[in-house]
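The data below hold one chain only, encoded as structure tokens and taken in the form predicted alone.
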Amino acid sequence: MSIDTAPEPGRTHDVRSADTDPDAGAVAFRPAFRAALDATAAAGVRVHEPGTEAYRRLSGTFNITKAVRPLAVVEPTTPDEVATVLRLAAVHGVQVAVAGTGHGATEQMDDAVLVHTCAFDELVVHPHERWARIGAGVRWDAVLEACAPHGLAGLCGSSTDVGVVGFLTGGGVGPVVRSAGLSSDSVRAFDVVTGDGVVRRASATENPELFWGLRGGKGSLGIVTAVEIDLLPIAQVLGGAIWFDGADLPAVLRTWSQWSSLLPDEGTTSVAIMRLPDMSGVPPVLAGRTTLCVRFAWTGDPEVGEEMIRAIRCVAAPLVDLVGPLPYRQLGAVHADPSDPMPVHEASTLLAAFDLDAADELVALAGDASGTPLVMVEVRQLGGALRTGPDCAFAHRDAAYQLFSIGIMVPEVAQGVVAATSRVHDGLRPWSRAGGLPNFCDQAGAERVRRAYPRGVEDRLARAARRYDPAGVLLAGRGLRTAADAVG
């Protein structure tokens, strides 16, 4: 099966207008940047400068508090064009960032050219051999739809609206991670243009050190143009969410803390204290109140899974119970993450345990009586098959849980959101452990590197970056270089 909806590869060079952009002309006064953009356009690569509709559209981010302002957005259509961009950037001393769907932005990109991978929309499923080849511009929902007729599954994340490549280069912790393992463990190979402008293939046997670093190292070594992944024979799971009233939150959360620690590896679960706004799309029974949402996905015998979830159902009467047989292509319904851009403040902490005392502390910090402005405080169980797998740059397989919070940064509550975030994460500090998951590290630069990678992994990634990006062209590798300089 092959899906190909790429636009016609016509070339355009959009010029910034002083009437539409307050920074118009800024590049003209920076000769190196101007020369790099002119040379890129002359090489036939589409270049979109500030003030154009294409620039606005392609530089948009999912979290609009993480707005980016690259010098320009380039839209290559082939790996060779990506290589051209990187080589010219190195010649002119310009850094290069990469984006696919606008998720996961951390750097502002003020001094960088942004490579957008939307044109890499290849999607080919090989059902008999159970693998797929996926372009860097493809989102998970398209992959799930393409695999569903064959009863196959790719290891997506909680949101199927995110890009496949960005998710996998961050390791990938999805709704069935405890039974199926880290999503990047399913990667067979990457097609990548490394920072030195060379088109390479990376697998366990071809450029193995590059392959190691691409699984968890995000974009620090190169720009991935395609990935090949193994598919699993999962057509359906027992999954969904159960919602409880805020008054039942303490009892359900305490039960969940014990139940999750005993859950077999066929089950993956998380629990979230929610305060959904009273707005269109939110069920009235859940809107404008504190609720507790238990997420559950079971890949084993459905009858056994029903017995497992019964322990949660028996604690209190649910407001909404959506756990049942679920086609794998609808796995995103377990978390029902929003898909529209919004201004959010996020924070993540890894936990070594989540016992009864931790549950009680979280009730005090974010429960019905806390008055917190946060819209979600989630504890996600890890462990199971996540703990094992091939060696890669994803460094924290042994974490037991993850604490994750989200607040909406509207002016009237923004200060309160930041303060409440600190209270929650500081309050759970006695149960925390060092580290962070690459896809959940909201920081940039050296701070991000220190959180995501222990010293040994950081050093190994830095060595790979010096080999594959000797001129330091890739913006995503700047944190590695900064951290190494600080130590050295």
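What you are looking at is a predicted structure, and each value in this text was computed from that prediction instead of being measured. Note that residue numbering begins at 1 and tracks the sequence as displayed.
Quick note: we don't show the form predicted together with a small molecule, though the next part is all about it.
Which single stretch, out of 367 to 375, 276 to 284, 232 to 240, 218 to 226, brings residue heavy atoms within 4.5 Å of the small molecule in the model of the complex? After filtering at 4.5 Å, what remains is 218 to 226.
In the model of the complex, is there a heavy atom of the small molecule that lies within 4.5 Å of any heavy atom of residue 167, even though the partner is absent here? Judged by the heavy-atom cut-off of 4.5 Å, residue 167 is in contact with the small molecule in the model of the complex.
Contact between residue 295 and the small molecule in the model of the complex at 4.5 Å, heavy atoms? Result no; residue 295 lies far from the small molecule in the model of the complex.
Any of the heavy atoms of residue 337 lying within 4.5 Å of the small molecule in the model of the complex? Within the cut-off, so yes.
Proximity of residue 421 to the small molecule in the model of the complex, heavy atoms at 4.5 Å: Judged by the heavy-atom cut-off of 4.5 Å, residue 421 is well away from the small molecule in the model of the complex.
Contact test, all of 117, 157 and 163, partner the small molecule in the model of the complex, heavy atom 4.5 Å: Yes: each residue has a heavy atom within 4.5 Å of the partner.
Using heavy atoms only and a 4.5 Å cut-off, determine which of 331, 85, 173, 132 is in contact with the small molecule in the model of the complex. Contact check passes for 173.
Identify, from the list 153, 393, 271, 136, the residue with a heavy atom within 4.5 Å of the small molecule in the model of the complex. Only one listed residue qualifies here, and that residue is 136.
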